[in-house]
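Given as structure tokens, the chain that follows is alone and in the form predicted alone.
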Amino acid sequence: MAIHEAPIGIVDSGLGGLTVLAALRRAMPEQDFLYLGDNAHAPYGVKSPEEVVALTRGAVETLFGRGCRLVLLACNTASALALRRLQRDWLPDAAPDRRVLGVFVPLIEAVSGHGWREAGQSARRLRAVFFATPATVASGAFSREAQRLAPGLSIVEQGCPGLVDALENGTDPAPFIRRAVAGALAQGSADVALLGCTHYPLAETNFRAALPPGLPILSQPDIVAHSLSAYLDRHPQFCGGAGRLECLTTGDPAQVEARAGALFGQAMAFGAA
């Protein structure tokens, strides 16, 4: 595959990354994308760090093997637990001409007031509540990254046990969200709520109903799409194509297609990874 035809790879532990994929395709309709949902091992949010690193690396290797030169981890748990380790310990030797990016930095930079870039800090002072999977919260990675990029940003990290499973299985997410919001608000008021899992935009209406009226909510799909588009403007060697899309799954394609169709209201074709 020629470099200018290489698709951008998108990895998620399940179906949540499809929210990011949809935003990316709206922002870059001429770009080729290759989506891989690791549905056989979902959700990542309850797994150990070592399991998440191994699964994420395996997914990235699969996408590299299919011609991707840039892979986006559209999974906050993978971004929290695996991204830095892959970038530091694996990528320089395994594929030094390729890149792996995550979804933390765009969200931090959006709330702190500046765009996705390789370095720089914002002094904007805000108190944010960050809703995420238990594994993402346990890692503390979002708070560490926020402190590095935006020292004025105070973070309350709140886990949402069971929420990803509920969304994947079609269970009512409202009870899980109400419990998480109550836990977050018990720690004090906030200036903004951050939905730190790519599944959570599917339940944004429930978050709005549970949170205080008027509290701003930032979720990742459009933020990540804008940031990746700007990144590709600076690194055009990683983009190209004609708007093609292929979706793969490590799970059962027929089951994944049915669930994706129920979640997003449109038919989507998946092949076996």
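When you see a residue number, it is the position in the sequence shown, counting from 1. Predicted model only: the values in this text are computed from it and were never measured.
What follows is about the form predicted together with a small molecule, which we do not show.
Original post:
Does the small molecule come within 4.5 Å of any heavy atom of Gly45 in the predicted complex?
Top reply: Yes, Gly45 sits close enough to the small molecule in the predicted complex that at least one of its heavy atoms falls within 4.5 Å.
**OP:** Flag Cys197 as yes or no: does it have a non-hydrogen atom within 4.5 angstroms of any non-hydrogen atom of the small molecule in the predicted complex?
**Re:** Yes, contact at 4.5 Å.
Original post:
Taking heavy atoms only, is Val164 within 4.5 angstroms of the small molecule in the predicted complex?
Top reply: Val164 belongs to the contact set for the small molecule.
Original post:
Of the listed stretches (261-269, 8-16, 21-29, 248-256), which one has a non-hydrogen atom within 4.5 Å of the small molecule in the predicted complex?
Top reply: Looking at the partner contacts, the answer comes out as 8-16.
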